[in-house]
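First comes one chain, alone, set out as structure tokens in the form predicted alone.
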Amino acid sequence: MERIVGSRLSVGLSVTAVVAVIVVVLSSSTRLAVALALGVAVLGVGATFVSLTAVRRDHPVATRALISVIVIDLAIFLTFRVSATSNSNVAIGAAMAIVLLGLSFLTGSSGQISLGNGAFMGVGAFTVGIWAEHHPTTPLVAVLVLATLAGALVGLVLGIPATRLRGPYLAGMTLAFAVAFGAILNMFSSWTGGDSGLQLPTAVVAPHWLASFFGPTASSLTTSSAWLADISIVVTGVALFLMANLFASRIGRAMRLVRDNDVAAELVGVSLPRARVIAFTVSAAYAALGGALWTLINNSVSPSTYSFVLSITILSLVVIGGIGTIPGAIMGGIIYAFSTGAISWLTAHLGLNPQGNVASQLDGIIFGGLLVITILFAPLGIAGLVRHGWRWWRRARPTGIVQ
């Protein structure tokens, strides 16, 4: 066994080294050559170690870290090859994937239903906007951490009374928060800007070293969109890694037990109120982090963005992607990111009036239809459908059914 592992490791590292050398030779500049070579090295080495069964079994946390690094590496590489519009969509989709992760943990693991995650996104978004007005030079990481903590605090405040509520009553409480969020913002209009919202004093600008990868002819829009996409991808990768470990931890197992049988959970010593408060707080923190990224991407924040409709969209995307799964959250983010462009293309090819009633409601019609189809034919979502297909293929392959 050790000889087989050593052989696979040697082959993988050798192939990585050869590809890295080829990339260096074909690159147009030294800076680009070094960056691409490092990216290929990270991808090759990470993929080689993750493919080893012994590594996945004995070092699960390290395996999750390597998978996160591989995903981040591939996604960042793609940001250098696509247009500014696509990069903006990627950034928005990555932020939405973080929100979906939080709700997937709340609903999929602990069994609680929330219709207020759009408002939790608004908490993080307005935290960034208000803080940037008074402290525009605060480092980006500190701003994101502050927004996440603000969302966690609001989630904790709402999560404590939520321990006594279940089912439709819990959904009603979160619904009330989502509906009242706009009115709460207007009560503090001197801070939040009222209906007009807030504009960030300075936009997020790409550093000079990043612009050199695109060449002297690249516009500031191209480099800034790529930079925002890279920031969103890295933050999403870290959020994915933390959530994957949380799913596999003792807390995650306790959450699933609470969801399946709360009486059995109490019998084995699980505190139901504590578990539900933790789930609510984590979900709100992730939603606030996603909202904070949205503010940085749009360079502004408006109350109308974080309406009840957004909360319904988030819940629909979680169901369509797959409740309680990390791939489902990623798929939901991708669907949301490129849905606007797809709907615009469909509107143009159907000959609909962009200002008409049908065109304006087309996104709701499509998302509603996808939700109904998913519930009827794929109750576990796209991620569950893919997992089922993969298991069927693996079972069928040795019997000769699939060649």
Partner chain sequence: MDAFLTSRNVSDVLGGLASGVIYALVALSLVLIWRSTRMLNFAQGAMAVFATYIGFAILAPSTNYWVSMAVAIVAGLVLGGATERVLVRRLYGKPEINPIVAMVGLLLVLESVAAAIWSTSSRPLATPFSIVDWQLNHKPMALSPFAVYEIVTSLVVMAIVAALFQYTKLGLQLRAAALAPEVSRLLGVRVSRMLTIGWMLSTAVGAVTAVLVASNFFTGLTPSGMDGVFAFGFIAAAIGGLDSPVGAMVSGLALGVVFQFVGDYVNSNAIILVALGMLIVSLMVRPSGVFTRSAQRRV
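Numbering follows the first chain given and starts at 1. What we label the rigid core is the largest C-alpha set whose atoms superpose within 1.5 Å from one form to the other. Since this is a predicted model, take the numbers as computed values, not measurements.
Absent from the display: the form predicted together with the partner chain. The rest refers to it.
Out of 141-149, 230-238, 194-202, 256-264, where are the residues with a heavy atom within 4.5 Å of the partner chain in the predicted bound form?
Every other range fails; the passing one is 256-264.
Could you check which residue among 225, 107, 281, 89 gets a heavy atom within 4.5 Å of the partner chain in the predicted bound form?
Of 225, 107, 281, 89, the residue with a heavy atom within 4.5 Å of the partner chain in the predicted bound form is 107.
Spell out, yes or no, whether the shortest heavy atom distance between residue 294 and the partner chain in the predicted bound form is within 4.5 Å.
No, residue 294 is distant from the partner.
Give a yes or no for residue 327: in the predicted bound form, does one of its heavy atoms lie within 4.5 Å of a heavy atom belonging to the partner chain?
Although the partner chain is absent here, residue 327 would stay clear of it in the predicted bound form, with no heavy atoms inside 4.5 Å.
Indicate whether the partner chain has at least one heavy atom within 4.5 Å of a heavy atom of residue 153 in the predicted bound form.
Although the partner chain is absent here, residue 153 would stay clear of it in the predicted bound form, with no heavy atoms inside 4.5 Å.
Does residue 348 reach the partner chain in the predicted bound form, with heavy atoms at most 4.5 Å apart?
Residue 348: no contact with the partner chain in the predicted bound form.
Could you list which residues of 106-120 come within 4.5 Å of the partner chain in the predicted bound form, counting heavy atoms only?
Heavy-atom contacts to the partner chain in the predicted bound form: 107, 111, 112, 113, 115.
Rigid core fitted, is the C-alpha displacement of residue 378 between the shown form and the other one 2 Å or more?
Yes, the C-alpha moves 2 Å or more.
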